[in-house]
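Consider the single chain below, provided in structure tokens and representing the form predicted on its own.
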Amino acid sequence: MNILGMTFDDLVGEMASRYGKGRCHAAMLYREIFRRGNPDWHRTDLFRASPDLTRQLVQDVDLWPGRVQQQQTEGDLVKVAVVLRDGQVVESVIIPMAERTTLCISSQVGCRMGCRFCETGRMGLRRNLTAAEIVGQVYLVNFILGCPVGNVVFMGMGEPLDNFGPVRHAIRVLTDDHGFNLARRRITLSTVGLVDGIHRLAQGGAPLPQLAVSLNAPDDRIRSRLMPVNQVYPMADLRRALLAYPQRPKGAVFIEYVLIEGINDRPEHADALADFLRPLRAKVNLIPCNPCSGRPFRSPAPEAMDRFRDRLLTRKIFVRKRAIKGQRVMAACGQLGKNI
């Protein structure tokens, strides 16, 4: 019984069907694991009073979030390599923020989207993560590394919507009010633009995460050059999906735009991007292109990034220029998986 992949209702059902027990035992077990990170949950009074049940649960409950293989730091940022049961490795990134810590988590080992500027894409897809392995990254950082997680972003290795079922269920576990109880606004899912997956997510009911789209181009010609997915889901289809995605009253879709010198960083590209975004409630994050082995792409100079940002601002587009963090330890956007 892999409890890290279970909602509270899942556990209630298992307790009833396996052991004939009700919500009381399920609530105690779930609280000890997801609220307190207590590996000795079986020593609490309720379970000590039921020794036969406890012996069976100790055998059946699987509470293993993976093993930390390596931690690398750059400033206050920490990249964590986690070994899974089959020996595969995924990477998560702990990013301290002003008000709360953000954890960037992975949804796949590798990725099959093949974006030209992304180190993870060079790995190809090795396998999908289970819901328990996704949630396990949060559990591990929260309780084993002792770093309380306030925000979760699906921006690590893999394309979340290419692993739809486990990712969707992991979000349900992370937002379960009996456990981690993360608010919808504290979870962001980043996608390269799998339109069918965006529609499925929108139609699947609450809790809906905030959506971020790795756009990186102002038009189909440039985007298809950088991101093969655009040949299947062109930008017009992507925009229609984003317009249909339910937003909170003051919510917006985040647009991730990796600036690459000489490819997507000219003033006319900023104008075309503004035209594309005009119908959307969107916030643009400008990201300097981070080094990727075997690729000629480079980030524009800081002054060129500023000019691109200012051009968008004149078109009334909300935009922020991301600070460069984590490049030295290969923890920045598009760099995860380099040493796996």
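Small disclaimer: the values here were computed from a predicted structure and weren't measured. Residue numbers here begin at 1 and follow the sequence given.
Unshown form predicted together with a small molecule; subsequent notes refer to it.
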- Considering the small molecule in the predicted complex, which of S214, S92, N163, N264 comes within 4.5 Å of it through any heavy atom? S214
- Proximity to the small molecule in the predicted complex, single hit among N142, S190, T175, T102 (heavy atom within 4.5 Å): S190
- Note on the structure: Answer among 92-100, 251-259, 77-85, 126-134 for heavy atoms within 4.5 Å of the small molecule in the predicted complex: the stretch 251-259
- Task: Examine N290 and determine whether its closest non-hydrogen atom to the small molecule in the predicted complex is within 4.5 angstroms.
- Result: yes
- Partner contact for C333 in the predicted complex: the small molecule, 4.5 angstroms, heavy atom: yes
- Message: I'd like to know whether M155 contacts the small molecule in the predicted complex, with contact meaning heavy atoms within 4.5 angstroms.
- Response: yes
- Message: Is F117 near the small molecule? Define near as a heavy atom within 4.5 Å, in the predicted complex.
- Response: yes
